[in-house]
Ligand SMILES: Cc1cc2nc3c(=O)[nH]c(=O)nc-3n(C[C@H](O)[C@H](O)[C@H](O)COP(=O)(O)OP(=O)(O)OC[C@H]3O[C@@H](n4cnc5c(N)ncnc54)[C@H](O)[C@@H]3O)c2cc1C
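The chain that follows stands alone, in the form predicted on its own, written as structure tokens.
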Amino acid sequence: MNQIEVDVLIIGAGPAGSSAAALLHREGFKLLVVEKQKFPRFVIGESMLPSSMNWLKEAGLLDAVEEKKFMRKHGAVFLRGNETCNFDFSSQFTEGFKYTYQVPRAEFDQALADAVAARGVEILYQHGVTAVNFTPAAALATVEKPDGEKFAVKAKFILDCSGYGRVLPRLLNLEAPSNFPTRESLFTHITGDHRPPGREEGKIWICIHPQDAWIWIIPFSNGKTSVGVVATPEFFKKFPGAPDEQLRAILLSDPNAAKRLANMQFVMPAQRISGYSCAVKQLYGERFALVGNATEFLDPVFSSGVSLAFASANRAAKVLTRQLRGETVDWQVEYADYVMQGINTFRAYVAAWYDDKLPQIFFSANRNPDIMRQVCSVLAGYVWDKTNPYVAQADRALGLLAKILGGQSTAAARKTS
């Protein structure tokens, strides 16, 4: 079997793989990126967070994104019946970008990969890693070509940026169960979206369905809109029929989504993902590290996936650069602990979303503007800013705030009764 030698083998050419490759290539390392799928390809995770812009800029990839003229996203709107909570990224606690983009991932991921390839990084599409072996001297991987022929890659290190493919977690038995209940997502792209005007057009809508589900509405600059619903399997059983029928019925049964999507036309069949939350036993090992969704995937509600992918790729590339230059590094402290800080902050918000603490905060009549700016920074992806109390002590702060606001609402209701 033929063998290729490189400094770093990167598995996956999505946002994590492309940004890690951009940073490592800049440092002069020899790389090989292998991607199982053929680009462009459809994938969800289409609403970015402003923190991603920082990572893109540092990797020298922001221009490649700006050139595509994607829909600018200035915030997020949460709706429940006749209640609205509108977050605008211009009003947040942490300094940083005040906008980001809504991106069809096929086009977005292709733009990043093409920019990296143009710099001289080799990307092999429709190539999959089928086996790995680690020795004190090297990481060895078997790569399968589209025609089934195999070759070996000898690398000093492997970064698994394979996203939902989770290559090394599968091959090394690193997968662990998520602590979130099983949920499903049913989604498609549509035309005929009746969008709000001006600055509000690009904001993501999150609609809380009357029957314990939530809906996303993500507008694109190409005239299409991504729509989807997330709920437990039991919820979907209330809406019989084929996936297209189910999705249409669910969207039109929510008052806010129905008003906006009354004239929608599906442009592709509805797709379903079930049991998407996942975790791993460890984030790194001898001569490898897991990056992006190959680590953990929590939930799509706060669009954290791409932001965490960029952040973990950035940190992994920096730690690995120092290691390859002969420095002593601590992957636990410098990488794993850092990545888990971001994941655990988002985890607290996802848990608070589903146990109704966040909706109670979002729709309270007594919202504190300063606190909402701090929460807005988390929703913008700035989950490493420990000067923000809603990052540093997310669980405690959200629980206490929900309790206070809940008590105020009860007291107000008693006064009016």
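The first residue of the shown sequence is 1; numbering continues from there. Given the structure is predicted, the values throughout are model-derived calculations rather than measurements.
This next part talks about the form predicted together with the named molecule, which is not shown.
K.L.:
I need to confirm a contact call. Of 316, 116, 161, 227, which residue comes within 4.5 Å of the named molecule in the predicted complex, counting heavy atoms only?
P.N.:
Among 316, 116, 161, 227, a heavy atom within 4.5 Å of the named molecule in the predicted complex occurs only for 161.
K.L.:
Since exactly one of 29, 384, 39, 363 fits, which has a heavy atom within 4.5 Å of the named molecule in the predicted complex?
P.N.:
In short, 39.
K.L.:
I need the one stretch from 173-181, 75-83, 242-250, 294-302 whose residues put non-hydrogen atoms within 4.5 angstroms of the named molecule in the predicted complex.
P.N.:
Residues of 294-302 come within 4.5 Å of the partner.
K.L.:
Taking 188, 209 and 233 together, does each of them reach the named molecule in the predicted complex with some heavy atom inside 4.5 Å?
P.N.:
No: no residue has a heavy atom within 4.5 Å of the partner.
K.L.:
With a cut-off of 4.5 Å between heavy atoms, is residue 320 one of the residues that contacts the named molecule in the predicted complex?
P.N.:
No - in the predicted complex, heavy atoms of residue 320 and the named molecule never come within 4.5 Å of each other.
K.L.:
Check residue 379 for me: does it contact the named molecule in the predicted complex (non-hydrogen atoms, 4.5 angstroms)?
P.N.:
Heavy-atom contact with the named molecule at 4.5 Å: absent for residue 379.
K.L.:
Given that the named molecule is not shown alongside this chain, does residue 309 nevertheless sit within 4.5 Å of it in the predicted complex, heavy atom to heavy atom?
P.N.:
Yes, residue 309 sits close enough to the named molecule in the predicted complex that at least one of its heavy atoms falls within 4.5 Å.
K.L.:
Is there a heavy atom of residue 45 lying 4.5 Å or less from a heavy atom of the named molecule in the predicted complex?
P.N.:
Residue 45: contacts the named molecule in the predicted complex.
K.L.:
If you look in the predicted complex, which residues in 191-223 sit within 4.5 Å of the named molecule (heavy atoms)?
P.N.:
Result: 216, 218.
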